[in-house]
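Form predicted on its own, single chain, as C-alpha cells, below.
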C-alpha cells in the first residue's frame, strides 16, 4: 500500500491523534518532577498546564483547517 494513495485528511487526523496522545503523556509527569526547583508550588508554575494550553490551541487550529 502506497501512502500517497491515502486522502490528505488522514494526515490531519493523525496529527490530531498525536497531539491528544501528547496531552495525555504530559499529565503523566509527576508533581515532584514539575516542581523540583520551583520556589513555590503555585498552579501557574505547573508546566503541564501550559503545555495543555498550547496543545489545545494546536488542536483548535487543526480542527479549523481540516
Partner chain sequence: MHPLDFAIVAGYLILITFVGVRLSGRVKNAKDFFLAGKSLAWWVIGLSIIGTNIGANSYVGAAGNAFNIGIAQANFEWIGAIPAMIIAALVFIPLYWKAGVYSIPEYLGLRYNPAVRVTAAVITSVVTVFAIGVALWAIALTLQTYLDWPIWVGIVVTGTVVGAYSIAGGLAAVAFTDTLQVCIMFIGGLVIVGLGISETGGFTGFAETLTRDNPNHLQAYLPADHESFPWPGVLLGLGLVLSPAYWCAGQAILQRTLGAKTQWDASAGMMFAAFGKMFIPLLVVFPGLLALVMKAQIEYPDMALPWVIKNVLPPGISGLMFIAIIAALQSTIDSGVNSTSLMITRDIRHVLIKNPKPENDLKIGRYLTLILLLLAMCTAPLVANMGGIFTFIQTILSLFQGPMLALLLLGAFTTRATPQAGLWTLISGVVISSMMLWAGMNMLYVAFYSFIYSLAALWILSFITPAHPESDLSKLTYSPWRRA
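Since the structure is predicted, the reported quantities are computational estimates derived from the model, not experimental observations. Numbering follows the first chain given and starts at 1.
Note that the form predicted together with the partner chain isn't included here; everything after this is about it.
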Would residue 14 count as a contact of the partner chain in the model of the complex, using a 4.5 angstroms cut-off between non-hydrogen atoms? yes
May I ask you to state whether residue 20 is within 4.5 Å of the partner chain in the model of the complex, using heavy atom distances? no
Residue-level question: is residue 53 within 4.5 Å of the partner chain in the model of the complex, judged on heavy atoms? yes
Go through 51-66 residue by residue and record those having a heavy atom within 4.5 Å of the partner chain in the model of the complex; state none if no residue qualifies. 51, 53, 54, 55, 57, 58, 61, 62, 65, 66
